[in-house]
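Heads up, the chain shows up twice below as structure tokens, two forms, tagged structure 1 and structure 2.
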Structure 1
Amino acid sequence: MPVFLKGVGITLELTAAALGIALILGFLLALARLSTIRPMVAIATTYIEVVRSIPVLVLLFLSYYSLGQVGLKLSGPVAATVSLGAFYATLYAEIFRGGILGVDRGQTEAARALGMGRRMTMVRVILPQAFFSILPNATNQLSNLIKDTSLVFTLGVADLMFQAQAASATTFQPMDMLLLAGMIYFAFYLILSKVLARWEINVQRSRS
């Protein structure tokens, strides 16, 4: 169990780091796609369409193995964080863009009539309203991100899945060890879903 708990800690660290990258990069990509500058729109659209069409496992191998061939050697944890963050940024970008576009255009027109510029309108009017519409989808992707961290053991990262594999080799009881890992992932998902559901309810109550 201490070994498994060590793996749990690494899994949570990877999730937090990848989520940070995904949220920041995803927001920037969403703004780029909504921009009136065509080159920015083209670059953001191309990135999103290409990266999200590649399986996460392939991205992990590209970051860890292929970049090393061109002189950019990344450690396992760094390659895992970058790959997961880059992939989930494409998903969050579409969530953010959909939320922003979902805000009634009348809100923008009213803000402009009050003398607000484009940036102030986005920060003070559009984003606060978009937040409530993107919340459910954003929290669902966080649950998926936690589950996808189970792939990083292929890079030798000592996460929960890696520890389960190592314990299987030591105890010669792969079913028991993998079932235990599965139960821990399920506990993650259950706790996270309950916490986020409660948070969404509190946010909606504060809004009303």
Structure 2
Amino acid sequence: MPVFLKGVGITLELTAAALGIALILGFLLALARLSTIRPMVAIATTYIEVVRSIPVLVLLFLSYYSLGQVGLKLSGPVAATVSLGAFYATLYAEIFRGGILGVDRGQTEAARALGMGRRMTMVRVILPQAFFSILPNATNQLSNLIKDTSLVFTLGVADLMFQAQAASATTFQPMDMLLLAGMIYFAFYLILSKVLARWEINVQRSRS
């Protein structure tokens, strides 16, 4: 059981680090796609389309083994964080883009008419309104991210799935160990999908 908890810790650390990368990179990608500069739109669109189509497991292997071959040796946890972050950035980019586009055009026009600059309009007017509309999708992807961290055991990172595997091998009771790990994953899923969803509904209701 203590090894499982250690595994949970690593799973959560990985999730947090990858989420950080995904949010920042995703936001930049969304802005690039919405910009009026042609090459930036093209680069962001290509990145999103390409990376999104590659399975996470292949991305993990690419960043761990393939980059290693060309001299860029990443450690297991770093490779895991980078590839999960890079993959989820594409998903968050689309969520952000949808959220920003979802804010009524009149809001931008009104802000501009009041003499706000483009940046100020974005930060003060668009983003606060987009924030609550993207929350459900954003938490949904977060629970997917937690689940996908289970793949990093293939790089030897000692996350929850890794510990469950190791414990199966030593105890010869794979079902018990896998179910125990499953219950932990499921608890996270329930917290994110039920508790947060309820909170979001309350927030949205109080705002409208």
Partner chain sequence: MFHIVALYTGVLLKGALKDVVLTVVSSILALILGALGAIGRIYGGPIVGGAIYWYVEIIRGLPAILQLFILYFGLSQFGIDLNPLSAAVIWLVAYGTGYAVEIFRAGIVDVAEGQHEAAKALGLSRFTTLRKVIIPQAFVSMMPNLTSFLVLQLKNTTMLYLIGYADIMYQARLGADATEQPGPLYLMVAVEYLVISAAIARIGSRVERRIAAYR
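In this text the structure is predicted, and so the values were computed from the model without any measurement. Note that the rigid core is defined as the largest set of C-alphas that superpose within 1.5 Å between two forms. Every residue number counts along structure 1's sequence, beginning with 1.
Visitor: Form predicted together with the partner chain, is that 1 or 2?
Guide: Answer is structure 2, the other one does not fit.
Visitor: Rigid core superposed, CA of residue 25 - does it shift 2 Å or more between structure 1 and structure 2?
Guide: Not so; residue 25 is displaced by less than 2 Å.
Visitor: For a quick test of reading the superposition: does residue 16 move by 2 Å or more at the CA between structure 1 and structure 2, rigid core aligned?
Guide: Stays below the 2 Å threshold, so no.
Visitor: So, with the core fitted, how far does residue 192 move at its Cα between structure 1 and structure 2, in angstrom?
Guide: A shift of 2.8 Å.
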